[in-house]
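Just one chain is shown here, as structure tokens, and it is the form predicted on its own.
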């Protein structure tokens, strides 16, 4: 079993970057000065990912004000809506308002990602909204059904995957908290499967990941097993690890083993124990370890401390990495 480690969501912005963006919004800093701070902060996160030996590198998604903002601001059919609570957390996002069937604008997502020269070749990872969660959390005034929107977002995100693959991105993760918080049934579930069928075809050999969090994924495992992706991720703060079943085709499993709801670092020995038990039960082809949910719920220093657990657990899972 191959073990890989990576960020599974945004890294928190530093106080310096937050101050710079605030100054930019209020006209106290030039766009060039704010851009310099973004570039510096991205370099810092990429360097942290490199020091920790991450298998895929994101740069922290620092330019994304929230999961949907690049799309709400850059794709046609949207306006940016009101501040809305992000599930049962103390963080917020601006709810996208969809006025017409969405249309992708090429280059919008690429422009919100680190520069091509910053991320090591072949290691670039991008974290995108999942089509089901995207369709379910926006304010839909377009006249399209939720099922139709879910399928449409699958096609549009598949186009995004193709373009980003051409730009050197190798790993694509789709955030799907709504799949477990409000699981789909009937035609809506079929729309989710169809959306990922398009995404899976576009990935075509690249790593595709569906990451669930903020809810127990056990009841949804039959649906998750139907999604044509490389890896399905589970938030261990919500899903009991001994109830996770490897899919029959031995695809990869993601373990959200870092809890962003607390600043206390996890025990890498316990993470390794859970991973070994899962390996014995299901023998997944590969195992991805990362935060269960977005780490930007935490201060920067606390998030960095928790990330050090991942290489320690990976070392324990190496063939000669620790006692069994």
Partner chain sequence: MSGPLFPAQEIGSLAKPRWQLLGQRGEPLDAAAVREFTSWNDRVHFADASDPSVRALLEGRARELGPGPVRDLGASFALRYFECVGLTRVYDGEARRIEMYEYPIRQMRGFQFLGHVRSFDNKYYLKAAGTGEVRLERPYHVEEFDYVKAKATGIPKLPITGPYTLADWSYNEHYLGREAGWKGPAARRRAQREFVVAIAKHAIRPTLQALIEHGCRVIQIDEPAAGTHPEEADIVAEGFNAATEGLDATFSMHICFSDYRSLFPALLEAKNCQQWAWEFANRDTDERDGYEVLNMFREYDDHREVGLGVVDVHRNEVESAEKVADRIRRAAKILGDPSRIWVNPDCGLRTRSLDIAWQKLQAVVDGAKLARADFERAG
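Quantities reported herein were computed from a predicted structural model and do not represent experimental measurements. Numbering follows the first chain given and starts at 1. Take the two forms, find the largest set of C-alpha atoms that superpose within 1.5 Å, and that set is the rigid core.
The following text describes the form predicted in complex with the partner chain, which does not appear among the structures shown.
- None of 84 to 92, 119 to 127, 136 to 144, 154 to 162 except one has non-hydrogen atoms within 4.5 angstroms of the partner chain in the predicted bound form; the exception is 84 to 92.
- Here the marked residues 18, 238 and 271 all reach the partner chain in the predicted bound form, each with a heavy atom within 4.5 angstroms.
- Among residues of the shown chain, residue 314 is not one whose heavy atoms approach the partner chain to within 4.5 Å in the predicted bound form.
- Contact annotation: residue 299 falls within 4.5 Å of the partner chain in the predicted bound form, judged by heavy atom distances.
- Although the partner is absent here, residue 51 lies well away from the partner chain in the predicted bound form, with no heavy atom inside 4.5 Å.
- A residue is said to contact a partner when one of its heavy atoms sits within 4.5 Å of a partner heavy atom; residue 56 fails this definition for the partner chain in the predicted bound form, lying far away.
- With the partner omitted here, the residue from 277, 264, 47, 33 that has a non-hydrogen atom within 4.5 angstroms of the partner chain in the predicted bound form is 264.
- Contacts between 55 to 72 and the partner chain, taken as any heavy atom within 4.5 Å in the predicted bound form, involve 64, 65, 69.
- Residue 311 is not among the residues whose C-alpha shifts by 2 Å or more between this form and the one not shown once the rigid core is aligned; its shift stays under 2 Å.
- Core-superposed comparison between this form and the one not shown: the C-alpha position of residue 301 differs by less than 2 Å.
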